[in-house]
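Given next, in structure tokens, is a single chain: the form predicted on its own.
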């Protein structure tokens, strides 16, 4: 059995270089680095994300899927702008683009708009691309609606699920076989996700900022009306067909948070998954949370783009298969 890392020493040095550039960037902008627990009593209620649990002397605890909850508690305590680079964990996610353990860069900017956060992310990645000698262009800003119109000639916010299923069976018959037996809103989301991932995402080779996702995909983002349609106030960045970043205009309404958690747990129960208790410390922080925008960046995927790597195993020293 080999002891050697999966990633080359050249890539391991490139990761160190990337992290140095990122830290210098945030230092120059007076955004402070923080550290929060990787292991905590609560985890996300999102039915599309599964957490890894650990048995401790205090009972079951969870490896965090992101540092979001703890960082929001710091923001509510008056920390000001903060960032963190840390390991994150998600169960059952393994492949060319997924590893159960991955590295996340997450930062929050009080009193900043989503557009302002796009600008900051653009400047950071441009700096990294220059440092690595990689071609980078100003990201195209496009809506979820526009992408569906261009690829499938339909409005994803108004289309009937039956029409989407017919389209999915025609365009991606093998992928449709893996859809679950969900009905109603869950089925609509599942089919939209399939069409987006198979028919759109992989074509976004140049940098793109995608906005205007369905409100059912808001997670902990605010929702609002944009161009006459109710959408989630968030964006994702794509590069080389990879989702690199996910950003929110952060939800501040504690009652809305409770409602979304209840809806999540109802869906989890229908899916045969364990329900998750809402983090009461996060709930307590909501009333003091400042208006802010937050973003999570997949460091490993970003390193793939900067080093022209084809798989996460190319950029991880010890991926799950040999950890």
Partner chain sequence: MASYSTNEFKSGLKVMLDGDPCSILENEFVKPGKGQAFSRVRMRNLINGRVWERTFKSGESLEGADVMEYEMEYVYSDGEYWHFMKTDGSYEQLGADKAAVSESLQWLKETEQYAVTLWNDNPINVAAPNFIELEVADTDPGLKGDTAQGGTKPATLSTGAVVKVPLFINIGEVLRIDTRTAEYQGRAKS
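Because the structure is a prediction, the values reported are computed rather than measured. Residue numbers count along the first chain shown, from 1.
Omitted here: the form predicted together with the partner chain. The next part is about that form.
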Just one of 229, 101, 243, 126 has a heavy atom within 4.5 Å of the partner chain in the model of the complex. Which one? 243
In the model of the complex, the residue from 151, 162, 140, 202 with a non-hydrogen atom within 4.5 Å of the partner chain is 202
Should residue 36 be counted as a contact of the partner chain in the model of the complex, where contact means heavy atoms within 4.5 Å? no
With a cut-off of 4.5 Å between heavy atoms, is residue 48 one of the residues that contacts the partner chain in the model of the complex? yes
Is residue 239 close enough to touch the partner chain in the model of the complex, meaning at least one heavy atom pair within 4.5 Å? no
Decide whether residue 197 counts as a contact residue for the partner chain in the model of the complex under a heavy atom distance cut-off of 4.5 Å. yes
The partner chain in the model of the complex: within 4.5 Å of a heavy atom of each of 108, 258 and 279? no
Within 4.5 Å of the partner chain in the model of the complex by heavy atoms, the stretch out of 72 to 80, 126 to 134, 112 to 120, 217 to 225 is 217 to 225
Looking in the model of the complex, the residues of 292 to 323 with a heavy atom no more than 4.5 Å from the partner chain, listed in order, are none
